[in-house]
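Just the one chain here, laid out as structure tokens, in the form predicted alone.
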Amino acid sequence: MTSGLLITKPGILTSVQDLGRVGYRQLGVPVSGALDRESLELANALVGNERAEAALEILYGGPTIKVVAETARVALAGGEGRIAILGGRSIPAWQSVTLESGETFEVMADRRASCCYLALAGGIAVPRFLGSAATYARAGIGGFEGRPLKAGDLLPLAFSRAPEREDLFLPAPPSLGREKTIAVVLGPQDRHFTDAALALFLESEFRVSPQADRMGMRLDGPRLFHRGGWDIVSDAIPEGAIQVPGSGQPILLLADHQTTGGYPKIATVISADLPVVGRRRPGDALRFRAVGIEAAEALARDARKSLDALSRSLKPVSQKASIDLDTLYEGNLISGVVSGRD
């Protein structure tokens, strides 16, 4: 029997994703890949993989999975989620764990973030399409049979036994960035909007509407009025582009976005802030600030340095500080009895 992970419950939307299918947008093929590339890279680092290795992207609710291999090393990255192992153990996010054949676990995702990532030591043994394992479900390509996972799928692993090494943890995980103001470069069609609309865009709070998926998120907020018409000759769309149709309500495009479009784009989210945007859920707030191209490039370099530093900071789980119960009791508990009515 093939060594792998048996999906007993798939969660809300679980798919195989990597860093994307780069170099084919001119042919109409989206990049796809992880919504939160930072967390995917860190999940891979925790199990000893190369940073671009495919992992499971878990949106909203997590799957339940059984190990059908001699051993499997897994790690969850993203917020304050955890891996709940049948039998009582619970492994926090940002820490790898080696599981034995027959063990079953459930991924408990952080309810404050839209996505988290489960990496597997050695990677997932699915075919690459145009050099990538990323799932693009609209076209049925990549990943596991070109679709999100469902109950009964046996996800093949590269190794029947995880390579021998210590389990690792990340001492200082990155924050979700829920309060971060998102940096954008205005344009390329900002001249298609009134001065008042541009001011509103940068001064107002928007909220992610329920109409949000891997392709993009509609934003609820003030109407942004165009200067003249809102229909333009279709041109290329990068990830993070914020296009505004005739309704005046912006649409922020994400990993599975179409490659061309005919609505004016008021701004584009910088690459360094795309992972933060990818974590936002329906109902979450978004605010924007404008930066220049040179500043955007500098922020991208800083983000890369920070991510590399986090990957280098991993430590063996055996070095994790044990709980000091005396200090815990002293700082968090009180003596005596109090009334339940107080």
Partner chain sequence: MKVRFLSAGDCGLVVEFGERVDRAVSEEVLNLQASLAAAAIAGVTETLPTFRSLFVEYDPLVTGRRELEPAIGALLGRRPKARRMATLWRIPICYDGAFAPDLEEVARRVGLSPEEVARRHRTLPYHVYMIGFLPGFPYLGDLPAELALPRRADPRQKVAAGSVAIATTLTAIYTFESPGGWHIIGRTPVTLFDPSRSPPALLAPGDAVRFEAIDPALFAQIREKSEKGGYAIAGERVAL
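Predicted, not measured: the structure shown is a model, and the values here were computed from it. Numbering follows the first chain given and starts at 1.
Keep in mind the form predicted together with the partner chain is missing from the figure; the text below concerns it.
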| query | finding |
| --- | --- |
| In the predicted bound form, the one of 247, 175, 90, 234 near the partner chain [non-hydrogen atom within 4.5 angstroms] | 234 |
| 221, 146, 156, 238 - the one with a heavy atom within 4.5 Å of the partner chain in the predicted bound form | 238 |
| Residue 98, heavy atom within 4.5 angstroms of the partner chain in the predicted bound form | no |
| The partner chain contact at residue 130 in the predicted bound form, heavy atom, 4.5 Å | yes |
| The partner chain contact at residue 22 in the predicted bound form, heavy atom, 4.5 Å | yes |
| Touches the partner chain in the predicted bound form: residue 313 (any heavy atom, 4.5 Å) | no |
| Listed range touching the partner chain, judged in the predicted bound form by heavy atoms within 4.5 Å, from 195-203, 162-170, 225-233, 108-116 | 225-233 |
| Within 4.5 Å of the partner chain in the predicted bound form: residues from 281-298 (heavy atom criterion) | 293, 294, 296, 297 |
